[in-house]
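What follows is one chain in structure tokens, specifically the form predicted alone.
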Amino acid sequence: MKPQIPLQALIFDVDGTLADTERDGHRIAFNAAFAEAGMAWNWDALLYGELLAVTGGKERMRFFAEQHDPAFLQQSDTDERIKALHAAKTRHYVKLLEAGGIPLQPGVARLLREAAGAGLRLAIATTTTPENVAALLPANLMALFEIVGAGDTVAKKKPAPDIYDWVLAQLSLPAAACLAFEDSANGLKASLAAGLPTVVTESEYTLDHDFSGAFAVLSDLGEPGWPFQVRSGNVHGKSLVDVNLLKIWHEEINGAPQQIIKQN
């Protein structure tokens, strides 16, 4: 008989999961950094969607150069230039966020508050920088996260499981005590490789991704009056993801009896 492990923590990806940040956030910031550096690079929405197959901003720029501007990689200071471009991109991205142009996905703020109030621990596992995470989340929501694994915390980016392994080690919890939230195929591969049951919420650039292995695939987390759309998985008659549903899912996955919290 499997040991009974209660649900203790939720681990969230950021870009595309907490907010749909890519097309009108990160892409715009990359192009602003390129223009500021006097470069001819410009990533339109279609091209950027293709580049998202490469995880990590610095890695994405290097991949683009390999395909479209190999002379850039022949310079003696290529690594330094990529780092400088990425720093400039982060600066432009933070300005965009501070202007309030990128809202959180439906249900995110609600679920974070509810989960923290129910005693669940919250963590982040992302490849974006810590500065981007802090700029995206209001201070009152950022304060709910106990662990933030971000940027270059680990050397290998998703789809490698390293960032999730690091977060689990910081939490001192087994994967069976947690649920992960992702929006992309690479992110899902990373969380599953770390042994984490995973709920996927779609984002604009990931609608056609293969989410095989996800416990549930939803349009978003849902809000009262704004029900999620179910792509796959059993939502037990729910129209939004709440702590009750998370506990039911976790019981199904691990066979651990959960105390179901009554909702007002």
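What you are looking at is a predicted structure, and each value in this text was computed from that prediction instead of being measured. The first residue of the sequence shown is number 1, and the count goes up from there.
From this point on, the text means the form predicted in complex with xylulose-1,5-bisphosphate (XBP), which you will not see here.
At the 4.5 Å threshold, heavy atoms of residue 56 reach xylulose-1,5-bisphosphate (XBP) in the predicted bound form. At the 4.5 Å threshold, heavy atoms of residue 62 stay clear of xylulose-1,5-bisphosphate (XBP) in the predicted bound form, well away from it. Put simply, residue 20 is far from xylulose-1,5-bisphosphate (XBP) in the predicted bound form: not one heavy atom of it is within 4.5 Å. Residue contact check for residue 86: one or more of its heavy atoms lie within 4.5 Å of xylulose-1,5-bisphosphate (XBP) in the predicted bound form.
Against xylulose-1,5-bisphosphate (XBP) in the predicted bound form, the set 26, 132 and 184 is in full contact: each member has a heavy atom within 4.5 Å. Think of it this way: in the predicted bound form, xylulose-1,5-bisphosphate (XBP) has a heavy atom of just one of 215, 211, 228, 48 within 4.5 Å, and the residue is 48.
Considering xylulose-1,5-bisphosphate (XBP) in the predicted bound form, the lone stretch of 166-174, 101-109, 137-145, 120-128 in range is 120-128 [heavy atom distance within 4.5 Å].
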